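Only one chain is given next, in structure tokens, and it is the form predicted on its own.
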């Protein structure tokens, strides 16, 4: 149980709702900021302002999956206005306070280092990334169906990257009857794709494989879908970029060629926020319990 543990949840989207529910179930004392436009209330929680003295009691701070922008602002969907978190605010928390975020950036890394607080980027964890690959690929499947006028079955689909999302996407679209080609960098990934009964190729050969491509799904967060690659694609092709912003696609050139290309990061929070929230909640609870155990032992 998290009895006696004080946790602040700052901003966020529907995924945070599941985390708040779980924290309440485990008897934590939960403080909310940036949830003033929530349609329903959690009677067990306390709404607070960032300048309140509550900050001195916090054992953990939970930021949204998106973390902060480069100036430290949190833009939650339930907030009337953005919340600012900075090093001075973090310094007011106890020394053992830990900061959880979905993804980090230079700003967050900097203020946590300055304040001497541990920062835990949840999306860097393999367990969350693997769990999240399921709603991500379900969302990708939905978007491919919505934005094409042909069946997935018997279509040629290129998937770039064999990470957690790439692996799940390859299996899912293959099960739908598509012919799958997977672009990779490593020889070990090339071998794995062959073992799966799919068609591997090296990313350096990508432009040679797009001439008959119906759908291209990118999971690599660097520019790999270049103008040269897009130039070879048929006009009916659809590009779905699942990488984090700004993606790995030359969207300007795709538009110039008349090829539909969409950037769709964060699909779990869009297509299945309840499931995505439960995934985050289970891992956050595990980490909080481990942290509480260590704190109690000291």
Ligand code: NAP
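Positions refer to the first chain, counted from 1. The structure displayed is predicted, hence computed values, not measured ones.
Missing here is the form predicted together with this ligand; even so, the following discussion is about that form.
Does at least one non-hydrogen atom of residue 33 fall within 4.5 angstroms of this ligand in the model of the complex? No, residue 33 stays farther than 4.5 Å from this ligand in the model of the complex.
Indicate whether residue 113 is a 4.5 Å heavy atom neighbour of this ligand in the model of the complex. Residue 113: no, not in contact with this ligand in the model of the complex.
Close approach of residue 147 to this ligand in the model of the complex, 4.5 Å, heavy atom: No, residue 147 sits far enough from this ligand in the model of the complex that none of its heavy atoms falls within 4.5 Å.
4.5 angstroms heavy atom contact with this ligand in the model of the complex for residue 119: Residue-level check for residue 119: no, no contact with this ligand.
For the spot marked by 129, 164 and 189, is every residue within 4.5 Å of this ligand in the model of the complex through some heavy atom? Heavy-atom distance to this ligand in the model of the complex: all three under 4.5 Å.
Using a 4.5 Å heavy atom cut-off, indicate which stretch of 148 to 156, 212 to 220, 171 to 179, 77 to 85 touches this ligand in the model of the complex. Looking at the other structure, the answer is 212 to 220.
Going by heavy atom distances of 4.5 angstroms or less, which of 254, 267, 233, 55 would be at the interface with this ligand in the model of the complex? After the contact test, the surviving option is 267.
From the list 227, 141, 196, 203, which entry has a heavy atom within 4.5 Å of this ligand in the model of the complex? By the 4.5 Å criterion, the partner-contacting residue is 203.
Partner contacts in the model of the complex for 237 to 252 (non-hydrogen atom within 4.5 angstroms of this ligand): The stretch touches the partner through 242, 243, 244.
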